[in-house]
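A lone chain, given as structure tokens: the form predicted alone.
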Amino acid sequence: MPGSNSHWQEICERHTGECCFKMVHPTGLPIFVCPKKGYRSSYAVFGTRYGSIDTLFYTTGDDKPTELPAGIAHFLEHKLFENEDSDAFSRYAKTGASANAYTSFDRTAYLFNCTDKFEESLHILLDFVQTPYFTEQTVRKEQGIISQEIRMGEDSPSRRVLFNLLRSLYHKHPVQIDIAGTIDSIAQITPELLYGCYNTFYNPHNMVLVVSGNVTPEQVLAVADKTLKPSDFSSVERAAIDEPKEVVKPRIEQNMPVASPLFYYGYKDYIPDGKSYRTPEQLVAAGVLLEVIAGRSSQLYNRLMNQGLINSSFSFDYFDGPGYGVWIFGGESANPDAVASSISDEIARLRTDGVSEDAFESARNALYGKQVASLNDVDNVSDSLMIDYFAGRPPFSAVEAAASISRQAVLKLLDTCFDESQASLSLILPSGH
């Protein structure tokens, strides 16, 4: 428990008793710590509200938005691991921590997992993320490395089927652009642009530190006090994208060397203000609704399996962010058009017949069980707290929402989403097909 003189706020989820402690460090950095009694490992993630979609934004006092080349957030993530004298991975090797980083559409995260020398590893994390070092030479070298990564992505059927779908759904929103950018866009990146992005987005007020596992708030605060650097407050705001409601095209195909056709059938979720995230209740309702439509116990899933139209690769998801949201169903199929048509027909049937109380309860209970089980995973606890913080959702909100979600909330999503005029089918077909 934090000492009596600290500024930690305890936040607990009432159904499971899961608790975390939150404070805002004097530097402006929000910190969450979730101690897990009896655990040997610890996991820390240091994230910034800066992802691949942030190519158009306003900072304090701007009259017009700043525009940046696609892929610069991912490029910056790569470069921060190196400084003038060494790289972060060689420093982590001395503590035994397993470290990584990733860039998504709306955030960049630096993380590590360890069972020993936690304080030393946390110091490394906070230190290297706060110590940018870019030169013309190192930028040119990284351009070559990431160009190769982009080419590999272009040769990946699973990556192409997703980004082709997004390109068929979105006219203007940068979610349609590969997170790594393009070879042309990263060629525009300079040290000056990287430092400008770093100073804009890697401000403590735009970031968050989340730690869970075999740790205490006092341990985290002691390292933070020694390592965090003060910074002047500056705000950054994503520019709203005037994205049309309709899709670009209802179908997109590409031939690649695959044994069986890959598909994603997706529905564009129209978000009028171009900025908002779904609420915890809406996200849980989306999860329940998808389970009802296409879960393993659903009529649709069993019918498609019995007809041989899908196999165990079949999956579904809903993901959202500022100004975008997508419902997707995908996998392998010898007849993807028949699968897409069956999904559309099942949604229409559910709209007419409704969702039974039994189907709703079964899906809700399954989702609630997954949410509770996820609290046993320190990686998932920290990542979820970071994601919810950036989306403006309270800690443990998914568990709370899953415990109390109503059938009416699920039916409302069913009635307001899945517009057939906002659907598109992305196909990766075998070469020569």
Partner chain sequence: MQPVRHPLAEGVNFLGITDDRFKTAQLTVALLLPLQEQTASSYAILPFLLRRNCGEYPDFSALQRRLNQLYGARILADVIRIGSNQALILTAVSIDDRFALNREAITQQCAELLRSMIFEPAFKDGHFNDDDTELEKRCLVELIQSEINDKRLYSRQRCEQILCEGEGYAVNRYGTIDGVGALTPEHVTNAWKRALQSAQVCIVYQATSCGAIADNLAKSFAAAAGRAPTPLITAEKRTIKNKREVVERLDVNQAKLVLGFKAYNSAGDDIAAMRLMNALLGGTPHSLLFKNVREKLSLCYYCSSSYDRFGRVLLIDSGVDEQNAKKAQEQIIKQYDAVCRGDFTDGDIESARTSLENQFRSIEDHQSSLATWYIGQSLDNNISTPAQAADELYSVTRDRIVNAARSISLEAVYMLAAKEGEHAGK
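Residue numbers count along the first chain shown, from 1. Predicted model only: the values in this text are computed from it and were never measured.
FYI, the form predicted together with its partner chain isn't displayed, but the following is about it.
Colleague: Wondering, does Gly369 line up within 4.5 Å of its partner chain in the predicted bound form on heavy atoms?
Modeller: Yes, Gly369 lies within 4.5 Å of its partner chain in the predicted bound form.
Colleague: Evaluate Asn206 for contact with its partner chain in the predicted bound form, applying a 4.5 angstroms cut-off between non-hydrogen atoms, and reply yes or no.
Modeller: Output for Asn206 is no: heavy atoms all beyond 4.5 Å of its partner chain.
Colleague: May I ask you to state whether Leu375 is within 4.5 Å of its partner chain in the predicted bound form, using heavy atom distances?
Modeller: Contact check for Leu375: yes, within 4.5 Å of its partner chain in the predicted bound form.
Colleague: Using heavy atoms and a 4.5 Å limit, would one call Glu149 a contact residue for its partner chain in the predicted bound form?
Modeller: Heavy-atom contact with its partner chain at 4.5 Å: present for Glu149.
Colleague: If we take heavy atoms and a 4.5 Å cut-off, which stretch out of 278 to 286, 153 to 161, 241 to 249, 197 to 205 is in contact with its partner chain in the predicted bound form?
Modeller: The contacting stretch here is 153 to 161.
Colleague: Between Glu346, Asp127, Glu332, Asp178, only one gets a heavy atom within 4.5 angstroms of its partner chain in the predicted bound form; which residue is that?
Modeller: The residue in contact is Glu332.
Colleague: Just one of Arg393, Arg407, Lys36, Arg49 has a heavy atom within 4.5 Å of its partner chain in the predicted bound form. Which one?
Modeller: Checked against the cut-off, the match is Lys36.
Colleague: At a 4.5 angstroms cut-off on non-hydrogen atoms, which residues of 128 to 150 are near its partner chain in the predicted bound form? List them in order.
Modeller: Contacting residues: Lys141, Glu142, Gly144, Ile145, Gln148, Glu149.
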